[in-house]
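Two forms, one protein chain; structure tokens for each follow separately as structure 1 and structure 2.
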Structure 1
């Protein structure tokens, strides 16, 4: 073994610093389980930071946006005994070794008796030619003034796409929503977009290509129709983000990690929690927090039993 975190195995290594990972670290550290959190980005928060609109549905924890809520969570965790390393990603987990071996992006190696995968989701890509011309992950709400009077395409018909379309239209952009099937956003998000005079919703519109040179010129549909626009934002959901696991963990048909009631994966020493295991209608911050707390207690039970 090598690395600044010592030779002995960590009782618990948490891969991912979103709500599930932070919750697990909080509960584990309070119960005197030594825990290391590895977060690939520069700060804790995970997908909470994607929420660039108010977060009203977390009891006692409503916030102006996800970044504000993430900072609250982070401040709480930083006051505990949990060891946190941000800006460090995990390349692979050797699930057939005892103790478990983790290979980091830095090529450092760590070992752990238990691992919690709480890596959440990555933005789903369209996988079409020219997708690099679309602003897949940027937050246009931070620069709404620059979009005034511009034509903007939003690809996607979920909550995030509908919410963004409404906000862009409120900022005097002309918005076209391209929705593969039907608008599926919940009424709180879909109705304002559907009723906005500056938002056109094109259901049954499938993107085949994004065209342009140094900048976006047009989005092309499978029908051959070419829609010109100044900007395009892709909001078509997300997919599980996992490091390489050897041997691979069992997965469900939709890509989620298969777990039992205790959130154990097909390798019983590896747990998974949060959006990695939850269906879209279960992806709430409150659910992720509960998942993390439950895993922490299960790990505590395992370690106490000498398992």
Structure 2
């Protein structure tokens, strides 16, 4: 097991390199707390990468799109003492050990006195066979050219599904929306999809399986109908992206991690911040940045008190 220096545990390990994690790392490193950020994807930024241009509601965020903003955040952090490892996910955190023990996807183990979970949200899964064949493009809006002329299935009838269907159809894809019940997108998102000649909306369509080999071939409904398509995107909402925590942390009914005012979880040495703990109407970059900064100060207080 390795810490920041051989066997020594890291004072703070941050799981997730979105705005909450990056902000915590920035503030911690400025206050001379040795900190390691573990990010499972190749780059920092989290969901900020997907925000449209300009990012309208972040002070100073109007200069570019989400990807540019993520690059700016990332460049700032790379100029600090924070240690960053991208492309390394955390599989599990052993919350009852002292120091805390983290198991990485590589099976490597790390120890930490404090952990911040800043893992944000994942797309909710359908939980059907073959689901790994869906969502082949991480952000289809960034690669619309490759979808031109293709048949695409969008599963989900909320705002996100409807707006993606409209964008894909505008980019000359032929789109079938599969909606379990009724299209429930608000008019601002639903109407453009409903009125689009390249979008077919199938209400009452329940997916039972996704079929294919190396690539997607078809989506199968519970009626047995098989709909052929080149791509399928599942947009049925979001859920907290949490590694396994042993023993499990307390959660709210909607799956968010329960935290107190200081963003401490039911394990007091583990903090959680950002979208992982925030309700849908609190999911802003600014909120995640504030959460991260606050946790960094709390960790600094804990460590200097020898806790």
Ligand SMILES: Cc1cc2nc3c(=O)[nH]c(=O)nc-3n(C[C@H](O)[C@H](O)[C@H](O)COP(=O)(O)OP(=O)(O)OC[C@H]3O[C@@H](n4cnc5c(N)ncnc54)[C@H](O)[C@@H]3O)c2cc1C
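Numbering follows the first chain given and starts at 1. Since we're looking at a predicted model, the values are computed, not measured. Take the two forms, superpose them, and find the largest set of C-alpha atoms that agree within 1.5 Å; that set is the rigid core.
- Structure 1, not structure 2, is the form predicted on its own.
- Annotation note: for the two-part rigid motion between structure 1 and structure 2, residue 185 and residue 113 are assigned to opposite parts based on which superposition fits each C-alpha better.
- The smaller of the two rigid parts, set against the larger, turns by 26° between structure 1 and structure 2.
- After superposition on the rigid core, the Cα atom of residue 125 is displaced by 3.1 Å between structure 1 and structure 2.
- Look at residue 145: with the core superposed, its C-alpha moves 5.4 Å between structure 1 and structure 2.
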